[in-house]
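The chain that follows stands alone, in the form predicted on its own, written as structure tokens.
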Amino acid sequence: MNVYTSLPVYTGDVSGVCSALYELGGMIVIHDPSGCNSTYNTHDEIRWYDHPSLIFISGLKESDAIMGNDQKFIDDIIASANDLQPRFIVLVNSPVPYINGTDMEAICHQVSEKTGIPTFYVPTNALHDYAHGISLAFTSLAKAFTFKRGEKIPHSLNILGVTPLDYTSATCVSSMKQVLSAFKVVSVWAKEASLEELEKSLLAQVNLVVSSSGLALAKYLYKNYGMPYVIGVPLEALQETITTLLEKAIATGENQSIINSIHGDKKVTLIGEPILAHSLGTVLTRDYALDYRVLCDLEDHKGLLRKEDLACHDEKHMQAYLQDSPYVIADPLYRKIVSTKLITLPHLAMSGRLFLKDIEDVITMKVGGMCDEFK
């Protein structure tokens, strides 16, 4: 049984979809009375003041849900789309229409036929976490549009899995590009990116997966287009390591990963998004001989955890696992279940805007600064 009595849940899958597609010029419609949209607007999105986006709710009423009045939903979408002319339309599900069994695929077909605008459905239900929603959004988008084909750009890559929910600082994307300056960055899925850039993704030689939400897309591109991928975050402290892995993937066509089982002499537990946690842990082990392990409480972690790591969604189990870890690196809200030393690393998808002013650019953050805490 998964029981939380002190910790909040992560940002939900509906917000993850909206965050992933926010900057791409599409119209996102959440079929919902208003709750999912309210949470997203209030807690999960920080770009409203700098970058407008077309994100709507259907305003589903009890009578329409009971009577199955989908026509009002369809007519409202068509009217808005004809007025705003978005690049594409995305329908996002929520608990009530999910339980009702609303045929979202059929509605997409009708909307696309009436408007001439590509329309697709992302199968959320507001019962999963943000990373799962982002993952669904990226793969749904990749399947819905046509990639541009042509000669591969030498020494080029795509970065997969970048949204403000994991990479909140406004400088993260530029910092990643600076670390990867030896390569041509063709696209970033999907922050500071356009739909035109994403459509050129097949021109890159390799994909760099920087969060678990980008892994499903990487696997899709590998399976369907033979593009190898590398798992790891281009932290400044890992520039040489990530560069070597990327060059090896380009040369061999084989997938590579930062995740390994190097051990040091102390035990640090990192809680949260597993690829970032492993990347930070790799620096701690390599440069400071600090053993690390990862506690992942996100849903999508397959292939991203070692035998010494733990996937867990129960607070008592987490507390038992953390008892023999002298140091824990996690969002400040985990203080409620950590009895040893907690080194805080705020995460927007966990604590919302509570610690927004304390969130650093994790790419350029001095990982060694954390080590002062271990002395």
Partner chain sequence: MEKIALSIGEASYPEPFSIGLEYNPPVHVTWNIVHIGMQVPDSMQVYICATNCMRGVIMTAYEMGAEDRFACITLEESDILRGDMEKQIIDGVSESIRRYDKPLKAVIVFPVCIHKVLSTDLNYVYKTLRARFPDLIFMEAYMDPLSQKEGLPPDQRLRAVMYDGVQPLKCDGGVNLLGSEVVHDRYSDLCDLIKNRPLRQLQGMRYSDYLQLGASTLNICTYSGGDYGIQALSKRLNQDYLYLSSSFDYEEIDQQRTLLCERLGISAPEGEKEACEEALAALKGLLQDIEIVIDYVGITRPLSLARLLLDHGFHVTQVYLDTIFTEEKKDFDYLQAHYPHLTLLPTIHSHMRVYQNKDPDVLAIGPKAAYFRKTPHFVNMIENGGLWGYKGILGLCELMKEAYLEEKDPAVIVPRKGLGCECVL
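Positions refer to the first chain, counted from 1. Since this is a predicted model, take the numbers as computed values, not measurements.
Below, we refer to the form predicted in complex with the partner chain, which is not included among the displayed structures.
Asks: If the cut-off is 4.5 angstroms on heavy atoms, which of these, 72, 200, 286, 109, is the one near the partner chain in the predicted complex?
Replies: Result of the distance check: 72.
Asks: Which of these residues, 343, 46, 310, 54, gets a heavy atom within 4.5 Å of the partner chain in the predicted complex?
Replies: Answer to the contact question: 54.
Asks: Is it the case that residue 306, even though its partner is missing from this view, gets within 4.5 Å of the partner chain in the predicted complex, heavy atoms only?
Replies: Residue 306 lies outside the contact set for the partner chain.
Asks: In the predicted complex, does residue 21 have a heavy atom within 4.5 Å of the partner chain?
Replies: Output for residue 21 is no: heavy atoms all beyond 4.5 Å of the partner chain.
Asks: Does the partner chain get within 4.5 angstroms of any non-hydrogen atom of residue 216 in the predicted complex?
Replies: It does not: once the partner chain is placed as it appears in the predicted complex, residue 216 has no heavy atom within 4.5 Å of it.
Asks: Though only this chain appears here, would residue 208 touch the partner chain in the predicted complex if you measure heavy atom gaps against 4.5 Å?
Replies: No, residue 208 is distant from the partner.
Asks: Verify the flagged residues 5, 76 and 96 against the partner chain in the predicted complex: is each one within 4.5 Å by a non-hydrogen atom?
Replies: Yes, each of 5, 76 and 96 comes within 4.5 Å of the partner chain in the predicted complex.
Asks: At a 4.5 angstroms cut-off on non-hydrogen atoms, which residues of 292-315 are near the partner chain in the predicted complex? List them in order.
Replies: Residue within 4.5 Å: 315, and no other.
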